[in-house]
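Presented as structure tokens, the chain that follows is alone, the form predicted alone.
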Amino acid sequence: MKARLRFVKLGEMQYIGHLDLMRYFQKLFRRSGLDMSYSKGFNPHQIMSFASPLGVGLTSIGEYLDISLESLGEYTVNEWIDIINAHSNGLVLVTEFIIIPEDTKPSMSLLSAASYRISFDDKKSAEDVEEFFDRSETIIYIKETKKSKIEIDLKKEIPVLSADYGVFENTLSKICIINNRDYEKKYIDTENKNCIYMLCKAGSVLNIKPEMLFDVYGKTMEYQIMRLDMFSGENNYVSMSVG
């Protein structure tokens, strides 16, 4: 049995790296009594995979974790959400638990885009970044590898960017399918004007991060990044929360 969990990672947990987060979930599922499936061999481990590791220092309300289960036991998926969260620390919380077909591809292989909220110290910083993005015909980021340098045009790889959440949400709704449009509003202040929102292309081949835009922008500023959601699909994106 396969399941996909959506979870939030908030507060001081932003400083926990990916491997530590994986170990956290392993212990959390054991404490909760969830009947996880284990790999075979001399060192069996719980079968799980994340859609995309979150960078240290970032928070998120839209993380996805695929797990394999032997059974749900006597509880429903909604009851399991409550049980798991009761054993957690209040900063990592499961918000969705969906049973998925056995032949469903892992979320990490489906990932094609991710949405973000970037908070600044003041409104002008948000407006300046939006103006820079809007007026630029191309925004070239140089990605250096061990063997070469790759030019990435962020103007093409960031389909949506706005300092107005309402505009962002309306634009996103034209190219994305999201089954619960009020989910984000439970966690973020959509009236806060010190923010920009963006949709970035993502995945194993090309993974665009908000920091890339600020590197090209060049001005020193303080900001905090929160990942809002992840999507599959090419041009018509589908939130992974749809299942």
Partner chain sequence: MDRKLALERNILMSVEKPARYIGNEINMVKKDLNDIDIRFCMCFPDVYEIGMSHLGIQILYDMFNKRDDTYCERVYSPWKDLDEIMRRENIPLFALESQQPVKDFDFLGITLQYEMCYTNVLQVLDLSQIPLFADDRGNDDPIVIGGGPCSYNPEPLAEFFDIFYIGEGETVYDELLDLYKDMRNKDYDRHEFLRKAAMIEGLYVPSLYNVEYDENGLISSFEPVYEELPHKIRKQVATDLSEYYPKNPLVPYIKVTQDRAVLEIMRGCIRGCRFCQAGMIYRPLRERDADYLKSLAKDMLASTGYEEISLSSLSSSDCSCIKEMVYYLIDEFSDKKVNISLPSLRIDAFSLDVMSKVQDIRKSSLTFAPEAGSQRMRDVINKGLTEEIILDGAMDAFKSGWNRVKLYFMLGLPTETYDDIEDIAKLAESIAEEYYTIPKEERNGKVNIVVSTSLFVPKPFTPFQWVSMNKAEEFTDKKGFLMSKIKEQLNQKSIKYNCHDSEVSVLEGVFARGDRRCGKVLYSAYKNGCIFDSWSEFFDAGKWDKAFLENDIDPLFYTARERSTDEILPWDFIDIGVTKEFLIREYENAKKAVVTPNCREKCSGCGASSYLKGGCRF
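Positions refer to the first chain, counted from 1. All figures in this text were calculated on a predicted structure; none of them were measured in a lab.
Keep in mind the form predicted together with its partner chain is missing from the figure; the text below concerns it.
Asks: Contact between His87 and its partner chain in the predicted bound form at 4.5 Å, heavy atoms?
Replies: Answer yes; at least one heavy atom of His87 falls within 4.5 Å of its partner chain in the predicted bound form.
Asks: Does its partner chain get within 4.5 angstroms of any non-hydrogen atom of Ser204 in the predicted bound form?
Replies: Answer no; every heavy atom of Ser204 is more than 4.5 Å from its partner chain in the predicted bound form.
Asks: Taking any heavy atom pair closer than or equal to 4.5 Å as contact, tell me whether Tyr217 reaches its partner chain in the predicted bound form.
Replies: Flag for Tyr217 set to no.
Asks: With a 4.5 Å heavy atom cut-off, would you call Gln14 a contact of its partner chain in the predicted bound form?
Replies: It does: once its partner chain is placed as it appears in the predicted bound form, Gln14 has a heavy atom within 4.5 Å of it.
Asks: Note which of Met108, Val167, Leu91, Ile99 lies within 4.5 Å of its partner chain in the predicted bound form, where distance is taken over heavy atoms; exactly one does.
Replies: Selected option: Leu91.
Asks: Quick one: from Ile47, Ile188, Ile177, Val56, grab the residue that has a heavy atom within 4.5 Å of its partner chain in the predicted bound form.
Replies: It is Val56 that has a heavy atom within 4.5 Å of the partner.
Asks: Between 1-38 and its partner chain in the predicted bound form, list the residues on our side with a heavy atom within 4.5 Å.
Replies: Going through 1-38 in order - heavy atoms within 4.5 Å of its partner chain in the predicted bound form - the hits are Leu10, Gly11, Glu12, Met13, Gln14, Tyr15, Ile16, Asp20, Arg23, Tyr24, Gln26, Lys27, Arg30, Arg31, Tyr38.
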